[in-house]
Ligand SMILES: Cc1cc2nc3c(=O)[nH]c(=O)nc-3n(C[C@H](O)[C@H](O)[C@H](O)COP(=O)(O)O)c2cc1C
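Quick heads-up: it's one chain on its own, the form predicted alone, in structure tokens.
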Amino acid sequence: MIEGRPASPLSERRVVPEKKKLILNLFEMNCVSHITHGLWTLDGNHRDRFNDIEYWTELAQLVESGGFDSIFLADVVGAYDVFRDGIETPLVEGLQIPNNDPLLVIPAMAAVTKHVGFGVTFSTTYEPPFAFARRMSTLDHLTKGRVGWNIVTSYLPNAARNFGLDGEIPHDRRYEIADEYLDVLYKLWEGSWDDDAVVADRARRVYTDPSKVRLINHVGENFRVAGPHLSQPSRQRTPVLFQATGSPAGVAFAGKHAEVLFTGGRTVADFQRNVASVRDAAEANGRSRNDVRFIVQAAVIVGRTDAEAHAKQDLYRQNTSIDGILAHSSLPFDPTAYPPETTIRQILEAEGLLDEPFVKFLSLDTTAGDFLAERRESWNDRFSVVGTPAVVADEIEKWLDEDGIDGINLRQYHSYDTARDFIELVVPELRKRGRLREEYTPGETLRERLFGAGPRLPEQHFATRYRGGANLDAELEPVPVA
């Protein structure tokens, strides 16, 4: 002890807070060209093997070896047919067509792994909830609680026509339908079966106690579902609820339902506004402001040297397809058909589009050449970094601590090199800094891993109102649409 200075009691010692750990997902889709257009043609890229079960099993084992939290599977149920008024460009580019059902590859990946989770996209707009409830419960059983659902309402005009409609259901109306869809699912997942309904009593020859299973008898504006749920309770009952949104209606919906929000923003301020609005909406629904985790799409190009990383970036840049980018953005005009010095205003005037609503998002005095150059670089957004492992880790720590993200969906430029590079170079650096867990906890569910609590939804979530069969006859509380 230094003379004249009193000893500090143990209770007054400074406690260093644990650093926020990164939620790490690999962004995937069951197709050739997901969001890195044209790069499927690169040497050694396995993307054209997406029809093979071995592609998915190899990928899952690789990702689990790197300690990823989950593989996040995107999906669409239509073709991008706005650009050039048809499906020719996406077909040539392999732009999310052909694409296969993302739910069906999960059991194959689960069979060769023990820990990594799976987030899968499914739309609430076109297929009824009863059958989907069983599919997700089946996946939760088969994965032992490692599955989440990315809730979407679908946005492609072609998707609407594929399911017998003349055009898209209006945006906010889709969220109203989705709200009732979730209500039906919660009644099935949370309310239809008691935890101890299955007794599996061989002596009495009774598998399920009928007194502990109930009909839900849902009658609503959009759905009539009698029940009961066909699956017995799974580890999580309700899968982890992912959502991607930024619209007022989507934010209101997320505040009531979402556990993990896939969002972004052109600037830090944009991202933080999105986060604050969802937290406000969660609080308005009786939830904690910390009940939602926020993940962003991240572009990470890493090399052992700065030169190596930038060489990869140049390779990706040179092979990126501008046609794929324009088709993916459903651009209703074709700037490649005009001389590069033509302004966007002149193009829109020539095509009679100057009065269309989308025009307010464009800089009309930009030339076609500059517009295309900007679109070609559009993948290099706020959450992107190119460099050595230390440079990448520095930037990710900034995203965590300054921007306030909770995790990333890692964009793939090359399958499997993007994941392999991250695992070999970035994961050790993040672990050294205390930003990634050293190992999995055996037997944990995806919800336990993401939230550090139990496998089921927390009590303050709207879905829990149906537990034990309560409130099954209560009217739906609609999500307010801003």
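Since we're looking at a predicted model, the values are computed, not measured. Heads up: residue numbers just count along the shown sequence, starting at 1.
One more form of this protein, predicted together with the ligand, exists but is not displayed; see below.
Within 4.5 Å of any heavy atom of the ligand in the predicted complex lies no heavy atom of F358. The ligand is not shown here, and in the predicted complex it never comes within 4.5 Å of any heavy atom of S384. In the predicted complex, the ligand sits beyond 4.5 Å of every heavy atom of T305. The closest non-hydrogen atom of F27 lies within 4.5 Å of the ligand in the predicted complex. Contact with the ligand in the predicted complex, judged as any non-hydrogen atom within 4.5 angstroms, is confined among 109-117, 73-81, 208-216, 314-322 to 73-81. Heavy atoms of no residue among F130, M136 and Q232 are located within 4.5 Å of the ligand in the predicted complex. Only one of Q412, T238, T124, T121 comes within 4.5 Å of the ligand in the predicted complex through a heavy atom, and that residue is T121. Of the residues A299, A309, I396, V152, just one reaches the ligand in the predicted complex with a heavy atom at 4.5 Å or closer; this is V152.
Looking at 230-255, the residues that come within 4.5 Å of the ligand in the predicted complex, counting any heavy atom, are A244, T245, G246, S247, G250.
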